[in-house]
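One chain follows as structure tokens, the form predicted on its own.
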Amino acid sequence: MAAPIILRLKGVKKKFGDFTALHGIDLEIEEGEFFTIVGPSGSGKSTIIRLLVGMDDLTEGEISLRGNRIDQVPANLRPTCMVFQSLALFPHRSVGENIEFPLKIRGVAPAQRKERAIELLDLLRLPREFYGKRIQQCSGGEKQRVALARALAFDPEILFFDEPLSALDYRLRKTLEKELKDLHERTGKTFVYITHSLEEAMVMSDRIAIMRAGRFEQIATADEIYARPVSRFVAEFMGEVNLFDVHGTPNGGLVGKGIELHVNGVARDYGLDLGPEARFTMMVRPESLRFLPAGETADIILQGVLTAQYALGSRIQYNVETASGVQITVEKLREDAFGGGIGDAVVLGFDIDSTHLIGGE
């Protein structure tokens, strides 16, 4: 059974003078969901978060929380909270004073404030003795946890995050990604997270919204977006990928630069009309290609020359150029590394079941 809708955006548009930042977007977020909005700079994701927390006014449309409109409610009266990229902690106050600040503003008694702060230190897995520690004495990761504790202090219905991990080093960021996901599961709160990092989004999110030029290009789970992107933009945004421009043939096949595939008789139903006038983008992930030794076959075979290889930790990435000038990317686990070298002639293969067709854009 689906969870109830807690947050709904209907026809939300935001203009800055003659520039339209958001083009009448619609969105529904379920209660308890970890929902991430991701996109390149200028796509509109930060504009959305500013509208949601009340930092900006929308031009058109409605924003409702549990069925009640909040787009005209002042930011300080909304039952939501924001964790900023800068964290916005008070540097000359203690950890406890920072956590208690929202409760102090609301007139909560000192004893109750301290009790709640201690509860949150436990929840964020910070030692209780941190209550009296100065923020300036805290590490970057500790400051992140304090900011989260402060956001949770008055028990908001939704937490909004504006790229809170972007300024941290890689190792700490990976640790905090897991902690945020764990915190979400332990609290059961609704998290709405903004980031430019697709990797962050895929690690933590229940669903991901890919933004492009003020619109949602695709909203789905990470697995769905990775395997079945709805557009070339989404496919390329999801990382390294091989894309072939192909068109249908009268005999039910697909033809493109460097490839020819007869779909009839091959176990794959794209659910698309493959007629001779149809134009598509065929997507194949780098890990789906393989180097073919003599005598081995595949549904699609490409011949080329190995032009580069890169070590990526547990994986190795290879670049291959075909005789027709098509650039191909292949990824293999280190234990399955290709034994040849730069300049070697290679034969690549992949199967129809590992491909995805994107309709003409």
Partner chain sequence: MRASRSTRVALLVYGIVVIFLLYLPLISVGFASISKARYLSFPIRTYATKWYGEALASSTVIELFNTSLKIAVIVTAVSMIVGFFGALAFARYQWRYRPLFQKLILLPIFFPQTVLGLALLIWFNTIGIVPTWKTAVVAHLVWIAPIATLVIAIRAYGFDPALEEAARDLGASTFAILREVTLPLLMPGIISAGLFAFLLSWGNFPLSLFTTGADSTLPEWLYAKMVSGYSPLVPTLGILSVLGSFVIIAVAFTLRWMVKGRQAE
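Positions refer to the first chain, counted from 1. What you see is a predicted model; the values in this text were computed from it and never measured.
Same protein, other form: the form predicted in complex with its partner chain, not shown, and the subject of what follows.
This chain is displayed alone, yet in the predicted bound form one of M55, V305, L312, A308 has a heavy atom within 4.5 Å of its partner chain; that residue is M55. P91 is the sole member of P91, G239, G140, P110 with a non-hydrogen atom lying within 4.5 angstroms of its partner chain in the predicted bound form. Stretch-level contact check against its partner chain in the predicted bound form with heavy atoms at 4.5 Å: of 205-213, 222-230, 69-77, 121-129, the positive one is 69-77. Of the heavy atoms in R134, some are within 4.5 Å of its partner chain in the predicted bound form. For V146, no non-hydrogen atom is located within 4.5 Å of its partner chain in the predicted bound form, even though that partner is not displayed. Under a 4.5 angstroms non-hydrogen atom cutoff, its partner chain in the predicted bound form lacks G256 among its neighbouring residues. Its partner chain in the predicted bound form comes within 4.5 Å of a heavy atom belonging to M82.
Counting a residue when any of its non-hydrogen atoms is within 4.5 Å of its partner chain in the predicted bound form, there are no hits in 302-325.
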